[in-house]
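Given as C-alpha cells, the chain that follows is alone and in the form predicted alone.
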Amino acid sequence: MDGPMRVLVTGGSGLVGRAIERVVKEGEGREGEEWIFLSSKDANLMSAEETRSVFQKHRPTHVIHLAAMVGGLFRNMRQNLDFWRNNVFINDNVLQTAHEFGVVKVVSCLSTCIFPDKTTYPIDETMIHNGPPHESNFGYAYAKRMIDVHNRACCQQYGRRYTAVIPTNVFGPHDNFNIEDGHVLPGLIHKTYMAKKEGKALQVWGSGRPLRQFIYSLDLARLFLWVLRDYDEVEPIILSVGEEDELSIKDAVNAVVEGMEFKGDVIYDTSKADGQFKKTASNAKLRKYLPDFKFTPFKAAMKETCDWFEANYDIARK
C-alpha cells in the first residue's frame, strides 16, 4: 500500500501483541508506519458501540486482530458457551467495523486447536473445516473458524483481502503464567518457579507424552509483520516451526527445568487429562514464501522466557 500505514493491534497487551510491539520498536518497524496497541482497557470489543468508537478515534488503515477470550485446556472444558459467544461477538465486531471504516487489510489470529480432531497429519491450511474440533474446546474452535468464513465471504461480497494466521503453541515474555487457566508452557514455568522457591517436587499434569510444536512469540511477531505487508491470500497461513521440530511435553518440561535451573524431582500426575495427543502442522506453505526464515532455537527462547518471568515476577500475569 502507498502512503502512511496506521496499524491498530487489538489484544495489544497480550503475549503476541507485546512481542509485535517489541520487534517494531527494535528495528522491524518502517518509516511511514504508525502503530497503536489496544488493550481491553481501551475498549470492550464485545460491544459493537465501543468497537466503532475506537475505530473512529484511531482511523486505522490496517488491523492485526489478536483480542480474544483465551484459556488453557481446563478452563475451555468448563466454559465452552462463554468461549463461543464472547469470541463470536469480538470477531464480528472487529471484522465488520474494519470493513465499514475501509480498513485495507486485517490479519486475525487463529490457533491449531481449531482443526478437526479426527484428521490425518500433518495438518495444513486446507483442512480447517473438514470435521468437528476436539470436544474439549469446541466453543473456542468454532468461533475462531468463523473468522475464516467471515474473511472468505467478505472477499466474495466486497473484495476485501482480510486474512488470518494459524500459529502453533506460542510462548514468550508477557504470557499469562496462571497455573490453573494458562497454557502449558507458561503454567509449567510458573510451577517450576514455585517448586524451586519452596524446595518441593515439580508436579506436571498429564503423562508428558503429547507432542506439540512451539513458536517463540518474537519469531511469530516478525512473521506477523511479513503477513501484514506481503502475504496477499485470503486463505489462512500456518506459522510454525517444521514438523521435525515437534517436541513432547516432557521435552518442554526438561527445557523449563534447565532454563529455571531447577534441581528437584519431577513427578507426572497421569490422573490429569492430556488433551489432544498431537496437532502436527505443516509449515510447507510458509516455507514456500520464506524458505530462509530463521526460528529462535527452542532452548534459547525458553531460557529468555524463564529469565523474563523471574525478573518480572511481580508484574507478570498469573
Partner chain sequence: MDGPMRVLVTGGSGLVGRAIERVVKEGERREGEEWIFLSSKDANLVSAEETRSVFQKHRPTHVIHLAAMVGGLYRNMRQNLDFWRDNVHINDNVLYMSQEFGVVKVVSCLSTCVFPDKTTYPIDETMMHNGAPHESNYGYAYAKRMIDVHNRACFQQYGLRYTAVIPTNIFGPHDNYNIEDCHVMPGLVHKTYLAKKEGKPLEVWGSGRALRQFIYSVDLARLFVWVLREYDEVEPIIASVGEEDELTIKDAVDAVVEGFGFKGEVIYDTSKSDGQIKKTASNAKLRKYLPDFKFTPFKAAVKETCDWLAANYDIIRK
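Numbering follows the first chain given and starts at 1. Not measured: the values here are computed from a predicted model.
We do not show the form predicted in complex with its partner chain, though everything after this point is about it.
Across the proposed site, 88, 129 and 153 without exception bring a heavy atom within 4.5 Å of its partner chain in the model of the complex. Within 4.5 Å of any heavy atom of its partner chain in the model of the complex lies no heavy atom of residue 179.
The closest heavy atom approach of residue 146 to its partner chain in the model of the complex falls within 4.5 Å.
For the chain shown alone, residue 121 is not a contact residue for its partner chain in the model of the complex, no non-hydrogen atom being within 4.5 angstroms. Taking non-hydrogen atoms only, residue 104 never approaches its partner chain to within 4.5 angstroms in the model of the complex. Heavy atoms within 4.5 Å of its partner chain in the model of the complex map, among the stretches 192-200, 205-213, 223-231, 90-98, onto 90-98 alone.
Screening 82, 245, 235, 117 for any heavy atom within 4.5 Å of its partner chain in the model of the complex leaves a single hit, 82.
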